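Consider the single chain below, provided in structure tokens and representing the form predicted on its own.
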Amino acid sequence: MNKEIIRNDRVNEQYTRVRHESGCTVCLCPMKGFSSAYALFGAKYGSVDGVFKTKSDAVFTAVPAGIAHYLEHKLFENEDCDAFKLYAETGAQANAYTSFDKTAYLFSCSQKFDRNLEILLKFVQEPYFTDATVQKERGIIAQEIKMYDDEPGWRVFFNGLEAVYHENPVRVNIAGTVESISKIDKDLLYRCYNTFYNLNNMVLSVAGNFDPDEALEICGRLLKPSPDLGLETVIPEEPPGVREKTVREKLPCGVPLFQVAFKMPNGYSFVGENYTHYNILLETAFGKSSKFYLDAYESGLINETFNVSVFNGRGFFLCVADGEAREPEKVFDALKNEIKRLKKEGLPEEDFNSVKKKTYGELVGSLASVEAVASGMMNAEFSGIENADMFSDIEAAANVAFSDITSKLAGFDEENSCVSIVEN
């Protein structure tokens, strides 16, 4: 077992990273003065991972969309019981989620940490699928897909992804489609489970009120040694430009919803400089203290729902503006015009300095959240960036220069932009 202390002197914080003999990476951050503990057991496996092979496979395998999410649903049930019932007995809050590039199972507790960790490690490592239970779950997931298809906020988001990307599977609903999940059976679930839930592809991340020695003792008992499969995944090469400039859908909503997206070059990182720098750039150019926001708000072009953010992960990177607007096309035009103006006249350095301080303060403040700390440790491990750790974003915010931000304006290309609109 290889232990490493990950320390950041700037914020005087540290945690332990363990390369466990089972193959799993274990990140532990006990936090003095906290009453609760938060644990994540995650696999580097999300909805974009539909094409894969191991070193024992001659060719790549392609599986139906939505299978990672399907697996998440099914793992809580095994032959003997439901994990949620076990957590109800300990008083812990448990949940799970599947994103585009990872799946995680979690619990939060203020007592019986050892028992809760045992439950987590056991049920995630003990899959149990039958034809009957897989068939039953198919109907439940189909209903979930149909429910989201009628939700305006969900549709404006995914319509936007479909407009941006030609090939990247991020354009497909995380849960798949009713048609794609109809092709999922227990054999496919076991194939994907045995491939992606290999401990060499997983991270256990724990933060808060717990004993790290106790956690490692439990890991020693319950983490089953796994051979490295040499897993490879393929995300299709994405051509430049967007598929559609404008996409519309009609759904009941009081005010039209919009999402404007600027597609950035492939390969931008999940944590660290690019993510943090672009967030600072967006807040400086379009955030609630910017000239753009104040002028657009006062004119009635946008309202308080307007927001800017970076949406990124393994193989995708977008700069996004979304919200409500009576005339979404005019918001799209105004954003493009503002980018042209900023490229010509430059960003206001005073605003940049304010946003930089605010961003740094928020990142440091997040270290007071057990959920944020556990998530930060896991995300760093899944980022694929050499030497990334939970403090990467903090260092990026602390060290960013005005020139770093202004240089990134060049990446905003009108040909790589689109708008998604949902309206009555």
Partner chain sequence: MDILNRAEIAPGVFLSRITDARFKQNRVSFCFLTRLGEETASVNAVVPKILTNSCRDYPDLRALNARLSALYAARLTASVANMGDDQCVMVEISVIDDRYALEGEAVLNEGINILLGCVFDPLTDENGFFKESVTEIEKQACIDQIEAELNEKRVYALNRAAEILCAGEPGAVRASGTVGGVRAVTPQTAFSAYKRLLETARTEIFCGGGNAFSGVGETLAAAFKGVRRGEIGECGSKYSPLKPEPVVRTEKMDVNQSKMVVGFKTASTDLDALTVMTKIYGGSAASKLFENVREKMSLCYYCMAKLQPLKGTVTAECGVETENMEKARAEIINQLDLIKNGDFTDGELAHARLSLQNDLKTVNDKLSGISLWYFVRIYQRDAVTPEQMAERYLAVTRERIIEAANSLSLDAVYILTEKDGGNE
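Positions refer to the first chain, counted from 1. Note that this is a predicted model, so its numbers are computed, not measured.
Beyond what is shown, the protein has a form predicted in complex with its partner chain; the following relates to that form.
Among residues of the shown chain, residue 128 is not one whose heavy atoms approach its partner chain to within 4.5 Å in the model of the complex. Shown alone here, residue 361 lies within 4.5 Å of its partner chain in the model of the complex, counting heavy atoms only. Of the heavy atoms in residue 365, some are within 4.5 Å of its partner chain in the model of the complex.
The shortest heavy atom separation between residue 78 and its partner chain in the model of the complex exceeds 4.5 Å. If you check its partner chain in the model of the complex, you find no heavy atom from any of 230, 339 and 411 within 4.5 Å. Listed stretches are 159 to 167, 211 to 219, 253 to 261, 237 to 245; the contact stretch with its partner chain in the model of the complex is 253 to 261, by a heavy atom cutoff of 4.5 Å. Only one of 136, 183, 122, 343 comes within 4.5 Å of its partner chain in the model of the complex through a heavy atom, and that residue is 136. Comment: its partner chain is not present in this chain, but in the model of the complex one of 189, 280, 321, 109 has a heavy atom within 4.5 Å of it, namely 109. Taking a 4.5 Å heavy atom cutoff to its partner chain in the model of the complex, the contacting residues in 298 to 317 are 298, 303, 304.
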